[in-house]
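The form predicted alone is given below as one chain in structure tokens.
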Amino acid sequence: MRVLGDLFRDFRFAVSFGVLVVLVGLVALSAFSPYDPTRWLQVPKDLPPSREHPLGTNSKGQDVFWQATFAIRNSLLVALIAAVLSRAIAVLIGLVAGFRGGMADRLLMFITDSFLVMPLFLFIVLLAMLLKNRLSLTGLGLLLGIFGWAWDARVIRSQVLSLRERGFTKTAILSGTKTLPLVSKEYIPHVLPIIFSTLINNMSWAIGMEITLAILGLLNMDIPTLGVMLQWAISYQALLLGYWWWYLTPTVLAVLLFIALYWLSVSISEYLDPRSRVQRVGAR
């Protein structure tokens, strides 16, 4: 409770947390939807917002509000899968390369640098084109996770290299501390701010990639996501026809999600960083 109290003193954390609670609430509402998100012509088409349809209906005969609840759920699912997988790879490679050094470090950094110099966007687009008809939400999350770890692995490695040269590491090694306890008890707390901040940032990147691939028409257009909702609105020229509720809904939700994740990342990173926390306490 004390941790939450300290975090809520940060305006950015309070606002982003509130926005995410609202979005997660919309995700929970998707379980009670009266409509099938994949079926067309379930309601009258192109109706503006009303009491019966709070965010109107689209040209496919779908309720925009209920479509949005499924879109947020699916976009967040892709982002979580991508972020967790990429963090696992980044942490493993960063810790091993930084702590072991030598040949292991050179080999792992060669692989990491290979991913860094790749035109990742083109590779992802190419694979999405090849797997379009078989690319599920889980598959998309795994695909993005495989390509989203390299830069963060280098950042974690650099932190571990710094920790390895400190006195407590030499003392622990001389006292007979084994590698796993040393890494878990001494290194992980220092690396934790990087893990959290890069996890949340990677979620934002994954959502951005999902929206981009959907607009390019490379995803399954029957599964609602924020990108798919926006693509359908573009395809039916909702902007030109004045159906503002159709294209503004996924746009506003995506912007809110990006801002909330960014502020959450910054505030948690600063709290977990002892130097930043001491500076804030001293300022107060």
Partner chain sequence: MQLFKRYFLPRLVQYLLVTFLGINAAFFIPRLFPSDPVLETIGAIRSQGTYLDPATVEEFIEDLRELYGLEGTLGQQYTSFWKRLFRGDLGISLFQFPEPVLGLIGKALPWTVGLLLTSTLASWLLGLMVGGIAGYRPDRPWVRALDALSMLIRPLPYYIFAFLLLILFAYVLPWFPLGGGSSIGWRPEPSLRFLGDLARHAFLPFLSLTVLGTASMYQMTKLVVQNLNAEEFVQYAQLGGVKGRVIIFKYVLRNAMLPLFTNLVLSLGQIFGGALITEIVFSYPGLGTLTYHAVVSGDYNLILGVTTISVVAVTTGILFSDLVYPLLDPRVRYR
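Just so we're clear, the structure is a prediction, and the values are computed from it rather than from any experiment. Positions refer to the first chain, counted from 1.
The form predicted in complex with the partner chain exists for this protein as well; it is not shown, and the discussion that follows is about that form.
Only one of 62-70, 32-40, 228-236, 47-55 has heavy atoms within 4.5 Å of the partner chain in the predicted bound form; I'd like to know which. Of the options, only 228-236 has residues within 4.5 Å of the partner.
Can any non-hydrogen atom of S114 be found within 4.5 angstroms of the partner chain in the predicted bound form? Output for S114 is yes: heavy atoms within 4.5 Å of the partner chain.
Might I259 be said to contact the partner chain in the predicted bound form, defining contact as any heavy atom within 4.5 Å? Flag for I259 set to yes.
Hey, in the predicted bound form, is L122 touching the partner chain, heavy atoms inside 4.5 Å? Yes.
I'd like to know if N220 sits close to the partner chain in the predicted bound form, meaning any non-hydrogen atom pair within 4.5 angstroms. No, N220 stays farther than 4.5 Å from the partner chain in the predicted bound form.
Heavy atom within 4.5 Å of the partner chain in the predicted bound form - the one residue of A104, M129, A88, I188 that qualifies: None of the other options qualify; the answer is M129.
Hey, with the partner chain in the predicted bound form, do M118, W151 and L248 all fall inside the 4.5 Å heavy atom range? Yes: each residue has a heavy atom within 4.5 Å of the partner.
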